[in-house]
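Before any questions on binding or motion, here is one chain by itself as structure tokens, the form predicted on its own.
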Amino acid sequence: MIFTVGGVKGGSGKTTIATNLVIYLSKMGSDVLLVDADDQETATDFTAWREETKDGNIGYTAVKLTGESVRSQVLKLQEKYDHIVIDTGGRDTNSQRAALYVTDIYLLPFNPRSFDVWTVPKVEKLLSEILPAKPSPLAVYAFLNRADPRGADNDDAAELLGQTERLTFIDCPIGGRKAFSHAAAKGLSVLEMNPIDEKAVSEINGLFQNILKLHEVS
């Protein structure tokens, strides 16, 4: 499968989701490629930190691609890997559009804040422009990331995302936990941290298991 983690709003935690997904798939025994298609190159930085932490044994392959090369190179590479995860920036860029043309599963993390959920119409507009020219189906999943421990913001955002036409809402929120930033600073997934944050691990496992179950990925 080819996954793209994207959106049109910065700060939603896309790279955190993308890198945790890569390591989750790798731990399943899959040969995984991580494509950094974000101009900020955060996924590339993550991989560099991971190489230092893991003495070079990072468990996946990583490349940096931008623009049209995201589409053309991923098409060439897809037969070499079990799964490909593309991390795109928080804007409507040529890189993200190129990624969507070859993607099977589009993951959209949203912070439970007004300015984030208000971008839904822009995402739907992007999809309306991409889908007619896309040669294969695209599954689109939205979910809450950096969610509050409690409060109305989560509920309001979940209700709005559940009413969208082109997005399928997955009710598996990822909390705004320090474990994610602490792990990322070492190039690790929360699945690898010691001591383990059980809640963070449960949330990540729950999200990915639900998505992969829908596509019978094992």
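From 1 onward, residues are counted along the sequence shown. No experiment lies behind these values; they were computed from the predicted model shown.
Same protein, other form: the form predicted in complex with a small molecule, not shown, and the subject of what follows.
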message: By the heavy atom within 4.5 Å rule, which residue out of Thr53, Gln40, Asn154, Thr168 makes contact with the small molecule in the predicted bound form?
response: Gln40
task: Decide whether Gly11 counts as a contact residue for the small molecule in the predicted bound form under a heavy atom distance cut-off of 4.5 Å.
output: yes
- prompt: With a 4.5 Å heavy atom cut-off, would you call Phe46 a contact of the small molecule in the predicted bound form?
  reply: no
message: Even though the partner isn't displayed, in the predicted bound form is Ile174 close enough to the small molecule, meaning a heavy atom within 4.5 Å?
response: yes
- prompt: Heavy atoms within 4.5 Å of the small molecule in the predicted bound form: does Arg71 have any?
  reply: no
- prompt: 58 to 66, 157 to 165, 177 to 185, 24 to 32: which one contacts the small molecule in the predicted bound form at 4.5 Å, heavy atom to heavy atom?
  reply: 177 to 185
